[in-house]
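The chain that follows stands alone, in the form predicted alone, written as structure tokens.
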Amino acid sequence: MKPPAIAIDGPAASGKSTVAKLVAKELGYTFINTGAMYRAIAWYLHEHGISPSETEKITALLPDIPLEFGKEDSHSTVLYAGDVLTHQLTDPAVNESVSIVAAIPEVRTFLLRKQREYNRTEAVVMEGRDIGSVVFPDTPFKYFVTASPEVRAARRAAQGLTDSIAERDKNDASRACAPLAQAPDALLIDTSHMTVEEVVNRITQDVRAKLSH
């Protein structure tokens, strides 16, 4: 029997990363941050002076980009030259370009294979924009975490990030390849007026109820 895959999707600053980490910890699963994977590609391109608009060049480069997608303890990691990427992934230049990079079909196909590999041997909690709709469309554990634009903008500012929530939403929802969208069978959770603990409890209770049937 294939290990469970918990899909947690949602827009920028909806709280899905924090929630996904805690859900993974509560269930004893591995947390996979797909956003970090896309950010790593965007960071690499910026470091090498490659514009996100140079899609043909990027497509040709993908197989040879020296990024490693691994795990440390129960969290996914992205390494470059043996070092785990951390602050590099929230660089202002990465914030500005990641939505564009993530809209490139070849990048998504490349990372899709990497994402699915994690679930071949272990249970995962994966968060992103299209986990329930594209990465694991058959999983019964789908959750769409969101919040009002005002709440999300405040959360973004608290993180020290200055990119526009409205612009990110527009880019994520309007891209031709795997746009941000709630899977029809995903449980919608508006976190605007919920504590993190309440959201985590809502998801873990639902997962456990489904696993018991």
Ligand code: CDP
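Please read all numbers here as calculations on a predicted model, not as lab measurements. The first residue of the shown sequence is 1; numbering continues from there.
The discussion below concerns the form predicted in complex with this ligand, not included here.
Exercise. Please pick, from Ser99, Asn119, Thr139, Ser76, the one residue with any non-hydrogen atom lying within 4.5 angstroms of this ligand in the predicted complex.
Key: Contact residue from the list: Ser99.
Interface segment, criterion being heavy atoms within 4.5 Å of this ligand in the predicted complex, picked from 140-148, 57-65, 182-190, 33-41 = After filtering at 4.5 Å, what remains is 33-41.
In the predicted complex, does Arg175 come within 4.5 Å of this ligand, counting heavy atoms only?
Result yes; Arg175 sits at the interface with this ligand in the predicted complex.
Q. Looking in the predicted complex, any heavy atom of Ala13 within 4.5 Å of this ligand?
A. So Ala13 counts as contacting this ligand.
task: Could you confirm whether Ile131 comes within 4.5 Å of this ligand in the predicted complex, counting heavy atoms only?
output: Contact with this ligand, yes.
- Looking at the partner-bound form in the predicted complex, is His46 within 4.5 Å of this ligand by any heavy atom? His46 lies outside the contact set for this ligand.
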